[in-house]
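Only one chain is included here, represented as structure tokens and corresponding to the form predicted on its own.
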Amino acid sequence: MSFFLNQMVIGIQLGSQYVLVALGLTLIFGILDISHFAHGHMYMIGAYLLYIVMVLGGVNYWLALVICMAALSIAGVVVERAVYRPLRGQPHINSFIAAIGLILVLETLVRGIQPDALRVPKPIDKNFSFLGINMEVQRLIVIVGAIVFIILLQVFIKRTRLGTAIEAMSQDREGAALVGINVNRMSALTFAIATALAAVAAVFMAPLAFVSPEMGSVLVLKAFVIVVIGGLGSMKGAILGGYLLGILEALAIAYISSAYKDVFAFGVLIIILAIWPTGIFGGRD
């Protein structure tokens, strides 16, 4: 029983990582109708930035989190303005090609500077036991931290004027512009929030894994699976789908085989879409 509970905790921790990345993709797709496939590489940049700030710069872990969020937010604004804004109104294939190009640029740049995997030390390198569950403190940080940022995002979207403006854009971009909402500003803000969430996921997860140039490639595919499973553009779908996938993946690794851990995500996608073609919460067709 304790083994099962430990795997559930690992699954929730994996799901927390997936949710933070998938929520960023959901914001970008649901509001701007852009499939930002380079989002995983922004996550990777966040992990390397943490190494630079915390390990090389000697900055406290929590301050490094704030710095990485701020830096990635700015990077998100730059990507929106320089890469995607000029393609607004053009066929989706153009944005897709631009995203692939951005992936190649970021990965090649990082690989050229630092090809070797790096290790970020845990801010609290301890374990604790509770009800038979033996957990690293860092896993608890991931779980609790993800919940905090999910709540903060929900409060921002539902309880602030900027959040209401973003939600209005997701429903009707032209109507939002007609009532005075600055579409360009909201687009930049959306990218800033989404990439900040990717930075949060990277900072929380980097101490638990190696930092490498390819670390975001599979993650972004799983995040897109989550977005589709939950329903395109649905935030609650991204949250449910992320935790569902994390738990299923952890249990499958424990009871079946870790060799096929990346296959489970796509198997779940096929099964769920066979039952709900537009996702659990009925997103876009």
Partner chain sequence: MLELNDVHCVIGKHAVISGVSLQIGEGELVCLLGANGAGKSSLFKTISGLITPTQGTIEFEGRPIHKKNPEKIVKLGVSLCPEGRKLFPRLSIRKNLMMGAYTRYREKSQTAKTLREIYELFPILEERADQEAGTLSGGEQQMLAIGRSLMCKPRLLLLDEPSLGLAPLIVKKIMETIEGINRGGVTVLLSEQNASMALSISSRGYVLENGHIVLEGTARELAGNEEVKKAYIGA
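Numbering follows the first chain given and starts at 1. Remember, predicted model here, so these are calculated numbers, not experimental data.
From this point on, the text means the form predicted in complex with its partner chain, which you will not see here.
The closest heavy atom approach of D125 to its partner chain in the predicted bound form falls outside 4.5 Å.
Using a 4.5 angstroms threshold between heavy atoms, G175 counts as touching its partner chain in the predicted bound form.
Though the partner is left out of this view, T108 does not reach within 4.5 Å of its partner chain in the predicted bound form, counting heavy atoms only. Shown alone here, E167 lies within 4.5 Å of its partner chain in the predicted bound form, counting heavy atoms only. The stretch that touches its partner chain in the predicted bound form, counting heavy atoms within 4.5 Å, is 181-189, out of 87-95, 206-214, 181-189, 73-81. Of the residues given (L162, V137, I147, L104), L162 alone sits with a heavy atom within 4.5 Å of its partner chain in the predicted bound form.
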